[in-house]
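Quick heads-up: it's one chain on its own, the form predicted on its own, in structure tokens.
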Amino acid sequence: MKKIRLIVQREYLSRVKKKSFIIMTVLGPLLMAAIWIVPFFLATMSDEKKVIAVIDETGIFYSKFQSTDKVFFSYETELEKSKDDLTKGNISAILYVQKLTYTIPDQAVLLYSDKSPGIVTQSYISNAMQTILKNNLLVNAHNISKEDYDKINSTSIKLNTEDIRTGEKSYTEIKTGLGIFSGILIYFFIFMFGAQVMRGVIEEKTSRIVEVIISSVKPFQLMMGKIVGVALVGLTQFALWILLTFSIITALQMSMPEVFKNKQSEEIYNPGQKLPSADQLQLQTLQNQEIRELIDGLFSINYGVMIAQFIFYFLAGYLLYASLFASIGAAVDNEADTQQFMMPVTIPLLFAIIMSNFVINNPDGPVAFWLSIIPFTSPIIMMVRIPFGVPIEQIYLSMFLLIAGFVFTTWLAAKIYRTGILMYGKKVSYRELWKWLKY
């Protein structure tokens, strides 16, 4: 154990002192914080209001478009005058509805613009026209009153789910997002740090330094020390990423509160403006309810269990795959020769990522059960299932089989490692690896 501890210490200290580790430790939180912060800056930079001139020969859409804080509709009658205003930059686009048929085929609607109006603006106009046409069809063709139409249009059903065992509300969307995110994070870390083990073995083998090392330690001790050392590097980097990302986001929120303030709420409740309409109040109430439900859903997750399970499945899954990566590194002389052996190792990980979409739809089904107890797929699939609640006996079974799988793969990898670590100048095949396993 003392020799393994020395190897772990050497691997850990040598890697955390590298410039690449320091750069990624700083760059990782900046990128993750940017993913959350950049949309707020973009929202403040894209406040330009687009003025769209509407020329409606049918009369169906006249004064029916609702202007927003991003799009303002003006109603004109002369197409040539509007085109002149467009070229001068007085307006952003022209919506020209030709008088053809009541159903307004696609070729009857034209949107003139000197610049691309953007997919959001186009979608807003298209959806608004569809809503107006539906309104006309219901009111004119079926003699439905405007009040009844508004009631039909505003009727919606929100499905609330509740766990019958605990009586608590179930937030399926949040659990889905958290499960997928945890599974992808496990895949990312296993693959990234497992590949580091493989590259480290190849470097020591090609530089012949391994010949000096194994004169003092056994090959198995060297392999285990390298695997555990890189695992500690991964945990250190992951912990620093979480801490630094949280610190960066908190610091920016405190230093620039005007960027992250709720602009919509300020616009509705600003005393200097006119009183909001009933529709605006209803919309704001629905948005506040959605925000409250999102916060309640985030707080409903047992993060202690999630973090504990994440650490276990990351470490156990990493140890299982890192031993295989170490054996691949010992069997080849350079990184270019690893491709033929990498495919069988990475297929289970890719398969688990693909199947996670199906597991989300039925987290308690037989496919989810079997994939969560098979050691090669359980680290990812079980993290996808855990937010939905997994029976404790299935978790114990999965953990036991994953540990057993790690012991078995380590035993196999050690047999390849002890032979391949001193094998030079020979292209290794699967038949050769089979001979090494039988030694």
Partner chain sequence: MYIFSAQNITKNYAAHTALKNVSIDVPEQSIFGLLGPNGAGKTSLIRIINQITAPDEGELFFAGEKLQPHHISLIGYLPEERGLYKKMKVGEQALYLAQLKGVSKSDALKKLKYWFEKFDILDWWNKKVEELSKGMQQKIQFIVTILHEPKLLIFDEPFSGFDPINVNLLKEEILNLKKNGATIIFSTHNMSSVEELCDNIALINKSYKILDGKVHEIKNTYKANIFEIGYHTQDIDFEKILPESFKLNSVVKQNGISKATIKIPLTASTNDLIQNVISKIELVSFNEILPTMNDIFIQKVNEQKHIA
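Please read these numbers as outputs of a predicted model, since none were measured by experiment. Numbering follows the first chain given and starts at 1.
The form predicted together with its partner chain is left out here; the points below concern that form.
Its partner chain is not shown here, but in the model of the complex it comes within 4.5 Å of a heavy atom of Lys17. In the model of the complex, its partner chain stays beyond 4.5 Å of every heavy atom belonging to Asp85.
Although the partner is absent here, Leu6 sits close enough that one of its heavy atoms falls within 4.5 Å of its partner chain in the model of the complex. Its partner chain is not drawn, but in the model of the complex it has a heavy atom within 4.5 Å of Val217. With the partner omitted here, the residue from Leu350, Ile213, Val305, Ile242 that has a non-hydrogen atom within 4.5 angstroms of its partner chain in the model of the complex is Ile213. Note on the partner interface in the model of the complex: the residue among Met342, Ile209, Ile311, Ala251 having a heavy atom within 4.5 angstroms of its partner chain is Ile209.
Heavy atoms within 4.5 Å of its partner chain in the model of the complex map, among the stretches 327-335, 351-359, 196-204, 86-94, onto 196-204 alone.
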